[in-house]
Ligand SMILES: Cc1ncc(COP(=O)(O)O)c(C=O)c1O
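Okay, here we've got a single chain as structure tokens, the form predicted alone, with questions on binding and movement later.
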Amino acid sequence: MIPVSRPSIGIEELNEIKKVFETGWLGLGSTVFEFENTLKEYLGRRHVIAVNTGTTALHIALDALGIGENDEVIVPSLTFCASIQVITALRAMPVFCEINQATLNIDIKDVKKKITSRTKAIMPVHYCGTSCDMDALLDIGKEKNIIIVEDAAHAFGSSYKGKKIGSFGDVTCFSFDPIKNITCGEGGAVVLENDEFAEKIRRKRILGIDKDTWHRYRNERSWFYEVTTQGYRYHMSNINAAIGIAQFKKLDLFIQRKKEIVQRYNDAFENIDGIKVLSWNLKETAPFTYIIRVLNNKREDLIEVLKEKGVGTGIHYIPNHLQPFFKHFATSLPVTEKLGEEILTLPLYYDMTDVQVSTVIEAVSSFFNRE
């Protein structure tokens, strides 16, 4: 079976982990700071704060920004449930909005309609790695005094108008889970410029402890520390950071190969009746997943045929406003609901061979050619 996705890992990652083992310091330490500095240099940002997952990156960012009970956060429904869970965990209210049919990114017109006096943040999702319209979103944020918290779990390595995702804007959150554009095994990061918010996030990621007190009293009370805010055990470990350091060195290779596969898919599928190919800007996008729209209620049949031919598929994602846990926030989103019934994820990962890509293309094409 050709999987939908898989990490590309090898001896380089093992060698970096070996260095950490040799130090005997496995938790938050110098390797994490090295990883953070690597991303700071890559993105040109003042603060990069590494955490243990992309979900915790979103949660700790919203928490540090003061998002709380009855505050509203506008978010697309078509995203992984983690985007919504971090909002409800803070007792805030997700306000679901529509998406663009061509990119599956957040619909700016619908965002404007959903803004109220309680809107404190907008959480755009850079779907498949394709950037949202950040100029429009940042203009809205500036005009309405609303923070833009980017869910860039799909988009590490992508750009918007020549600027790296994460190199501008208010707050950007990345994920480095096993199948992301680079992996730390598990991990995430919050990227921002604001010193005050960054300091809050750093304290919150390690149980609200003020690390300055350790330095302040080191000579007389080396055991002393102060807990100054609500915090969580969200910090990244040196082991995970070591994997990320090795992965980062391969980022350009990963992106280039996945772009080649996406282009082959696009060329093969764009003229097939029954398939709608998404809009891609491969000059600026680091592809995360490859998704087609299967028209005319043929998706389930196609899934079964591809399975028989050894091709794995996935659904990214089931719209969250249709999920039982979020029914209190449900609203009518006809575009999202229609797309949610059409989208299908095909295999895309760095180590895919040309033969495997051809197998996927032939399996999909033959299904529609027989119609």
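On a predicted model such as this, the values are computed, not experimentally measured, just so you know. In this text, residue numbers run from 1 along the sequence as written.
The same protein also exists as the form predicted in complex with the named molecule; that form is not shown, yet it is the one meant from here on.
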query	finding
Answer range among 26-34, 342-350, 51-59, 329-337 for contact with the named molecule, defined in the predicted bound form as heavy atoms within 4.5 Å	51-59
The unique member of 202, 180, 120, 299 whose heavy atoms fall within 4.5 Å of the named molecule in the predicted bound form	180
Interface residue in the predicted bound form among 80, 248, 269, 234, criterion: non-hydrogen atom within 4.5 angstroms of the named molecule	80
Contact of residue 98 with the named molecule in the predicted bound form (heavy atom, 4.5 Å)	no
Distance check, residue 125 to the named molecule in the predicted bound form, heavy atom within 4.5 Å	yes
Contact flag, residue 154 vs the named molecule in the predicted bound form, heavy atom cut 4.5 Å	yes
Residue 166, heavy atom within 4.5 angstroms of the named molecule in the predicted bound form	no
